[in-house]
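Encoded as structure tokens, the following chain is the form predicted on its own, with no partner shown.
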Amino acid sequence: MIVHPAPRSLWRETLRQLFQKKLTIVALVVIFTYTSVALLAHWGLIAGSWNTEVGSSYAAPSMQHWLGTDIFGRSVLAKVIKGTEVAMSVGFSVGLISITIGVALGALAGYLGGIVDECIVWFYTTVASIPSIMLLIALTFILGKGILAVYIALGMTHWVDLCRLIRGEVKRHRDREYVQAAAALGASHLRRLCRHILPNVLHIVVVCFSLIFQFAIKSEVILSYLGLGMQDSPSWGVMIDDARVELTRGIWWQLTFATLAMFLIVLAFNILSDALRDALDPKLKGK
């Protein structure tokens, strides 16, 4: 008798594929490092005194001040670390808000259809027709400045693509045999949707979360650069804005290290998003 090996689960197979690629492993290490730094900064274990003068004004990078100091003699390294805390918190919070809105509306539209579907499609089409940067600026003007306003404004503008994808997938799954079998066994509409359909579209949520995370980081930097984001805490966008005048005096380190910090995490999430899409998208299997 031939014994066939037990098939791997989707998520175990995905992890296996992710850890087969060295570039993906490097991206995961970068994301883990940024997350650890953000948590340590949030708990006050590192960069807790970022606003304290530690040296002379505009001290160049040295062994004493690794990334130099700003106009007030504050450590640029500490500001970059606090900026990492802001960026990671924005990415995570905006991702959760966007996923909650996108999955809820997309699932309802795809499963219920009819007038509910038409209303939700009209709503996300209207939101998508507005240039995202204009909508962001309008929302931040309405909500005010600060981290909470950034969370809400970005969360309300990054859910449209996920909603569209979830709607299409739920509509494709709702008439399949396994859903009909659940209905024949007496499963309610809510159970059919949450217990049977949504787990089969979870891979889309995972990929979209990684994409939304990096989009949120870049958007927060843009808002802070324009003076509509963070106010009482360092942000990479604020550091880049401050560096505009500094460059004319040859002060390059604040701009360089803030930009480099943003570049590394965005690149890492881009690599991870591509790897997740390749591993989870059934259409790409075998290619």
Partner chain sequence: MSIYHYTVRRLFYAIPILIGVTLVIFILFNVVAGDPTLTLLGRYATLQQMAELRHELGLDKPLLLQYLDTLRSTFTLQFGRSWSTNQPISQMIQVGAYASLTLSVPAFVLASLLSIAMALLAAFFRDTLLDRSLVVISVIMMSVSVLAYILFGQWVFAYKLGWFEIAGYEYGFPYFIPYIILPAMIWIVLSIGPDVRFYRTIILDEVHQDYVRTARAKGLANRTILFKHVLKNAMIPIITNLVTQIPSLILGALLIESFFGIPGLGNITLQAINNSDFPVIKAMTILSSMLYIIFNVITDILYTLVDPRIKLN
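Computed from a predicted structure; not experimentally measured. Numbering follows the first chain given and starts at 1.
There is also a form predicted in complex with its partner chain; it is not shown, and the following applies to it.
Not one of H65, A78 and F92 is positioned with any heavy atom within 4.5 Å of its partner chain in the predicted bound form. I222 is the sole member of I222, A59, V26, L40 with a non-hydrogen atom lying within 4.5 angstroms of its partner chain in the predicted bound form. Residue in contact with its partner chain in the predicted bound form (any heavy atom within 4.5 Å), chosen from L202, I137, V116, L96: I137. Not displayed here, its partner chain is approached by P131 to within 4.5 Å at the level of heavy atoms in the predicted bound form. Residue contact check for D274: one or more of its heavy atoms lie within 4.5 Å of its partner chain in the predicted bound form. Residue contact with its partner chain in the predicted bound form: T248 places a heavy atom within 4.5 Å of it. When its partner chain is considered in the predicted bound form, L226 lines it closely, a heavy atom lying within 4.5 Å. Stretch-level contact analysis of 68 to 76, 172 to 180, 97 to 105, 137 to 145 against its partner chain in the predicted bound form, using heavy atoms and a 4.5 Å limit, identifies 137 to 145. Looking at 249 to 279, the residues that come within 4.5 Å of its partner chain in the predicted bound form, counting any heavy atom, are G250, W252, L255, T256, T259, M262, F263, V266, L267, N270, D274, R277.
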